[in-house]
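Next up is one chain by itself, shown in C-alpha cells, the form predicted on its own.
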C-alpha cells in the first residue's frame, strides 16, 4: 500500500486521475482515445513533483526522513555491503534489537558496520523498539567498535533514530552514561570512523554512534539536538509551531553542511530514497569506499587529532 505524505497529495490526486483514464483506455468500453489527455496528465505529474520536491520546507524534509517506506539500516547493509555477519549482545545485560552491527566487506575491504534499526510493521517495531536503543544497545555498539579497533577494521555507522529510549528501564540501566562513554571512547579509537545519517538523526541517540572522522548525510535526512515536536512543545507550548521549530533548528542537510556539522551530502532521487534504493546504495557505496581510502592514508595520530579538532570546532557565537 502506497503511503502519501500531506504535501504529496496533489501528486496522488493526479496519479488517481491518470489511473482512471488508463483503465478506461484499457477496457475499450468507449470508442474514444485518451492518449492526449494521458500525456497531459503525465506531464502535469512530472512538473508538480519537480515543483514540490525542489522547494521542500525543513518540516517536509523531516516528514520525508520518517517516511515508512524509506530504506532502513539493514536495507542499506544488504545493498551496500557484502558478507554481513551480525553480532549480538553487550555481554552485560541483553541484545538490543534496535542496534544492529557486525562484520561486513566493501570492495574487498573488511569493516565493522553498526546502525540503528526501525521496524516495518507493529510486530517488528516492538522488537526494534521503533529504532530507539536502550543502554545495552550503545554498549553493544561500543563492544563491536573496540573489537574493530583491536583487529584494525574501519567502522561505518548508519544513523536512523528519533533518539535513545527515554523509558524508566533505560534510566535505571544508565542510558546517559552509556552514551557518554561512547562519545569518549569513539574519540579514542585508532581506526577510521565514518558515520552516515540515513533518516532521523535525533539527539544523543544519534550522537552515541556519531563521533566520526567524517559525517555524511542523505539529502532528505535530518540531524538535530531535539525533534521539531519537542522543540515546539518546550519553546512555543504548541504543536502548531512544529514547522517553525523545524526551520529554527537548522536541521536539514544543506543547512548542516553550511554550518560544517556534516562533511558531505549524498543525493537522493526526486521524492526520496524509497523511490530508488539501488541508486542511493550505489552512491553510498562509492562515498564509503572513497572516504575510507582517504582516511586510511592518514597516519593514526593525524587522523585522531583531526577528529578531535573537528568536534572542538563546532558551535558559533556572536559577541555584541
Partner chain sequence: MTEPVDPSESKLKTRALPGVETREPSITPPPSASDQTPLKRPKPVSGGPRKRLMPEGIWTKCPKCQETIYRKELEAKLNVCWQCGYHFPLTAWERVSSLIDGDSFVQADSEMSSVDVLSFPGYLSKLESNQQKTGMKDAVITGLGLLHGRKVALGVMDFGFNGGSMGSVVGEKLTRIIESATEQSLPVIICSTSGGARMYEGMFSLMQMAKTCGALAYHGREKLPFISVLTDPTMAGVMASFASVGDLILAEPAARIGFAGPRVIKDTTKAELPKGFQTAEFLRDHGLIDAIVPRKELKGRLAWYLDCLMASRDAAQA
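A quick note: this is a predicted structure, and the numbers were derived from the prediction, not measured. Positions refer to the first chain, counted from 1.
As for the form predicted in complex with the partner chain, it is not shown, yet the points below apply to it.
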| item | value |
| --- | --- |
| Within 4.5 Å of the partner chain in the predicted complex, all of 153, 267 and 296 (non-hydrogen atom) | no |
| Among 109-117, 173-181, 94-102, 78-86, the region lying within 4.5 Å of the partner chain in the predicted complex by heavy atom distance | 173-181 |
| Among the candidates 127, 147, 225, 74, the residue which, in the predicted complex, approaches the partner chain to within 4.5 Å (heavy atoms) | 225 |
| Residue 243: touches the partner chain in the predicted complex, heavy atom cutoff 4.5 angstroms | no |
| In the predicted complex, residue 194 touching the partner chain (heavy atom, 4.5 Å) | no |
| Any non-hydrogen atom of residue 142 within 4.5 angstroms of the partner chain in the predicted complex | no |
| Close approach of residue 259 to the partner chain in the predicted complex, 4.5 Å, heavy atom | yes |
| Neighbours of the partner chain in the predicted complex among 149-165 [non-hydrogen atom within 4.5 angstroms] | 164, 165 |
